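Below you'll find only one chain, the form predicted on its own, shown as structure tokens.
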């Protein structure tokens, strides 16, 4: 029989099983963010020519661990916590199959530890992509498989909880938009995990000597069904968090809930097709397949992101204008709570994800333009514009609300928390920008020494490339300080935070000063037809930037035509 407690801040009826599982998954996620972040700092300091910290063996070890722990382990542990929060908590429902959820958690943890040990042992430095014919140790693949099966169990518990909540009528009407976004993430996650199983299970058999070989092109095609789609899980989850934060802080509702839901549906149908943009130089795929996947079909997924990019700030603008912030185009924005890390992290994430991750992703998804960036450090720059300043910054932002709310504790360093999103967001945003700039100048993606000091034939990049890689190192240090502040705040709050003092009840005749804004995250409805001119202007700025950058890259492409 499920047991519940009532949250004094939100009024949510919280299943104690869900409460505990959310906490364990979230804390584990933060621990792996710390581990993966430390490896990432080592990688950045090695790619900084003036520092060049690690030798080749340790560099590739650190690069493998960094990709594994931040793209896969940190993100998915946190997303499992979000799935449980958006199902059991937001819907005031009981969690279904908590024992299976715990089995899933321990499988994920044990699998992550097994793979990390395999990497740290030094015999599995195959990087996150682990392409054959490079072969990792047997337990490298086994750990990822265990982790994936555990995550799949978490998704099944989420779907079962949604079904029971519907059956027991714990909410009215359609499921809230935030939960709908989480459901989108879970559906894509099932596809992602199954893609990984299809290729990693036989690759594990290959490492055991049970299969003679793994076809490299086949591996790449199927592996990217997991590798790229795992980021699509992140995108759906982070956008669900954007809607949740807008509702929690402002009582904001989407401009059109039906349109926002349609945008999530476009993700389910078309986002995975973008996996093909990692294969645009592969000889085993036809040009027709590549062009269809990275243009006509991909544009439908881009349309979904453009919709979310318009409706999230639009919803906030509409809510702010209803409160009287109507002066000019941007009073609603200038008077937003920029000192609140929940809002600051979300706002920076929307901007940086769109301008850095979104624009660069569409550019790289064009078959011809991909040729000038493929396997350059532009690609990790794009990753940092999506996974880092997009997903990770969003997860940090909502953590500043979830942790004090679920643990009922005050932040231990509220002053540092105000600055943390700016340190991390701007630092990692600059790192992404400098990597993309260096990649445009040809700096390789995976080579540990861009000076090629140990090569028989030397090569010198333009001075600007060396400068950008140095600035990338400085920006990475800045972002790492921001990440350390976040981790310190989360761990410190959980371990040593002061218990929240319940707010004194208002006199019966007094009206509450603020509406119950958390209700906006659990209800169905739209903001209506209110005009949002500020958001429209910001959208036009983004569109112009998008078009200009796209055609600038065609100009870059024309400069290499003479090489043919």
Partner chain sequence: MSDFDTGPGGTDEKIPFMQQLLDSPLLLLVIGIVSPMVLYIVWGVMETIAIPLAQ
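Residue numbers count along the first chain shown, from 1. All figures in this text were calculated on a predicted structure; none of them were measured in a lab.
Another form, the form predicted together with its partner chain, is not on view; read the next lines as being about it.
You can rule out all but one of 447-455, 75-83, 383-391, 189-197: in the predicted complex, only 189-197 has residues with a heavy atom within 4.5 Å of its partner chain. Using a 4.5 Å heavy atom cutoff, 217, 222 and 276 all lie near its partner chain in the predicted complex. In the predicted complex, residue 340 stays away from its partner chain, with no heavy atom inside 4.5 Å. Looking at residue 166, you'd find a heavy atom of it within 4.5 angstroms of its partner chain in the predicted complex. When contacts are judged by a 4.5 Å heavy atom cut-off, residue 329 does not count as touching its partner chain in the predicted complex. Although the partner is absent here, residue 288 sits close enough that one of its heavy atoms falls within 4.5 Å of its partner chain in the predicted complex.
The listed set 250, 378, 355, 180 contains one residue whose heavy atoms approach its partner chain in the predicted complex to within 4.5 Å, identified as 180. Site annotation in the predicted complex: the residue of 419, 128, 97, 292 reaching within 4.5 Å of its partner chain with a heavy atom is 292. Interface residues of 149-168, taken as those with a heavy atom within 4.5 Å of its partner chain in the predicted complex (partner not displayed): 159, 162, 166, in sequence order.
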